[in-house]
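What follows is one chain in structure tokens, specifically the form predicted on its own.
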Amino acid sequence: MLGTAAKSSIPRKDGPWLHAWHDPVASIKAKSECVRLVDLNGDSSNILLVADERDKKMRVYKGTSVVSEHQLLDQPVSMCVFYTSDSSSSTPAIGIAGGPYVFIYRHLRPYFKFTLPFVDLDPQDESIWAEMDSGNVDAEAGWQMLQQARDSGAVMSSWSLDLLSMEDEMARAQYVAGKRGVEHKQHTVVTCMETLRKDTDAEDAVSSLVIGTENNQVLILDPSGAKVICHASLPSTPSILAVTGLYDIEWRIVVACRDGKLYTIKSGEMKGQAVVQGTVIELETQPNALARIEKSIYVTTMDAQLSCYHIKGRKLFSVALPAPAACMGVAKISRSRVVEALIASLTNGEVRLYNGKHLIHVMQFDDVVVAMRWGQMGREQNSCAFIGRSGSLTLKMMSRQANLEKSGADSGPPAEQDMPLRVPKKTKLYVEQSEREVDNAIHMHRVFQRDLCKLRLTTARSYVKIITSGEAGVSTGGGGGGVTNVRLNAQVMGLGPFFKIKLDVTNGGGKPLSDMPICVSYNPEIYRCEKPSWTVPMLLPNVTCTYEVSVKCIHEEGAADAIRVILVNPNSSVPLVSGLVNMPISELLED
């Protein structure tokens, strides 16, 4: 449980929020990308990690106290927590981006440093520095040549920019002399960073770092953080990332760039391939916060607008805010159903809670919240850490009775509930029907019992027909080939047009089964399957065999239809077991 401060100017009654703790003198300077909640010790009790930009330290909060501080090697740009293995005893690694490096920590100690790939130099810039290094061109002539190359549109390296900024001729000569014999390489820097899970959508799943760089690149590292396994080039420098999906199945990255546009990067047909979609969302002003909820993209801009777009680029709605937004986050609450709400912090001190375009609650702070992080704090699932512009730290918890389905102004019974109903008068037909029921009560009850028995008999016959024909998900008879007990489960993965059907076949009987064919029946006008049939060599008792079927939707409009998976009995014309897979509507593949 979180402690409570003795003095706090923040009111305790905050609608769905419960006040936990407030420290006005925490002296923290950080943005949302440098604040994380993580189970670092594997005891299901999360701690708060903050990469402070003011003193370049990583602070570790457990409960309401700072348990440790660690000096960082560079100015932090972003901090992410990721798992490198799927072992239950593994602890997460911490990646802190700074300059051209990503510093990876294990057990809060430096473990590995990843360096971004070098940038290709402009041929004119490289040739001029080669001439100055060999001595064929002096510093003054090289300075003039660099000026001409810059005016002609050549991309200048950091060496060239430093040299062109010098006005003293002696200083330029000393700078060129100091660069002689040094290999000319151009570094880039990290602008933003997030994580992408590998194959499972779980908090402790293996994940990879997704890095945006100053040279318009988006890089995806392997889970160990040692090499680049996928990359994509954008027309502008990325500033904010919103990552969804799984790397092994399908993923999307929405990127807000400095040119005021939103780009979407998705997985290609081959693993390790990234495709930049042709749909580009152009914003009216520069974006300052980005979030992704299901198939909707939420973005706040500097003109005090909260806009929502579909992933296909269509604008759904726009909400005018009373002040520009400072930061934004997503509150995900899992109860009887998963509810995702939007938390937006404004520069006037308000923290607003939205469900879609509906305003749920407004909470007023004494300070402008410039960073926030939703997640588990300690053992409380629904918590949020807020960092103010003055350096304050506030912890809030979401009430377990909070209703985020609709606005609190619409709560309560409708006004029509207090209005009496107009009961109609008893008619002559109603009186006659009542008398008939009283006179013929025994006969009517017997007719009801007879119809109920017929309904039960029809239901039993239909159930037996499904079992014997193999259309159920479980088979207890082999259709003449002996008694068996086979279970078939199917699960669809992917958004389309490429799907994967995961099949789990379990032999619940006491004898092994061999040479069992599996067939996939589908509509050829809608789907295409690379391998519609194959043979299972052996099904051992109580052992689950897993198979994957690749299916592609070839319909132009992304229509959906059912696909039947049949486990054939070699000794009978009746299928051993079959299952019907209801396919979702496919997303269209853009050129």
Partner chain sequence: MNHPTHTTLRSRRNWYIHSCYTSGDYKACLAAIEEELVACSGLCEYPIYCKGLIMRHQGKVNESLQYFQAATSLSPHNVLNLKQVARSLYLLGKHRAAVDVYEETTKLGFEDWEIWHNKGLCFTYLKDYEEAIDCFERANDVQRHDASYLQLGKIYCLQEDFKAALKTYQEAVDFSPQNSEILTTLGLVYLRLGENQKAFDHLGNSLAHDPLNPKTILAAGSIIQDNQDMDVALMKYRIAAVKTPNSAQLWNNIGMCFFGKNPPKYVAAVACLKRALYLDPFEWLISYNLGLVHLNKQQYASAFHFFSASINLNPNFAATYMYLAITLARLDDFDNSCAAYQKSIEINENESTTRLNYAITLFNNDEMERSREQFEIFERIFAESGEGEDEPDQEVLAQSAELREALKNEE
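Take the two forms, superpose them, and find the largest set of C-alpha atoms that agree within 1.5 Å; that set is the rigid core. Residue numbers count along the first chain shown, from 1. A quick note: this is a predicted structure, and the numbers were derived from the prediction, not measured.
The same protein has a further form, the form predicted together with the partner chain, not shown here; the description that follows concerns it.
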property: Any non-hydrogen atom of residue 165 within 4.5 angstroms of the partner chain in the predicted bound form; result: yes
property: Partner proximity in the predicted bound form: residue 76 to the partner chain, non-hydrogen atom cutoff 4.5 Å; result: yes
property: Distance check, residue 317 to the partner chain in the predicted bound form, heavy atom within 4.5 Å; result: yes
property: Contact of residue 191 with the partner chain in the predicted bound form (heavy atom, 4.5 Å); result: yes
property: Stretch from 392-400, 275-283, 332-340, 487-495 whose residues place a heavy atom within 4.5 Å of the partner chain in the predicted bound form; result: 275-283
property: Contact residue in the predicted bound form, chosen from 271, 258, 500, 106 - any heavy atom within 4.5 Å of the partner chain; result: 258
property: 203, 126, 366, 214 - the one with a heavy atom within 4.5 Å of the partner chain in the predicted bound form; result: 214
property: Residues within stretch 136-165 having a non-hydrogen atom within 4.5 Å of the partner chain in the predicted bound form; result: 150, 151, 152, 153, 158, 159, 161, 162, 165
property: Yes/no, residue 122 Cα shift of 2 Å or more between this form and the one not shown with rigid core fixed; result: yes
property: Residue 451: Cα shift of 2 Å or greater between this form and the one not shown (core-aligned); result: yes
property: Yes/no, residue 261 Cα shift of 2 Å or more between this form and the one not shown with rigid core fixed; result: no
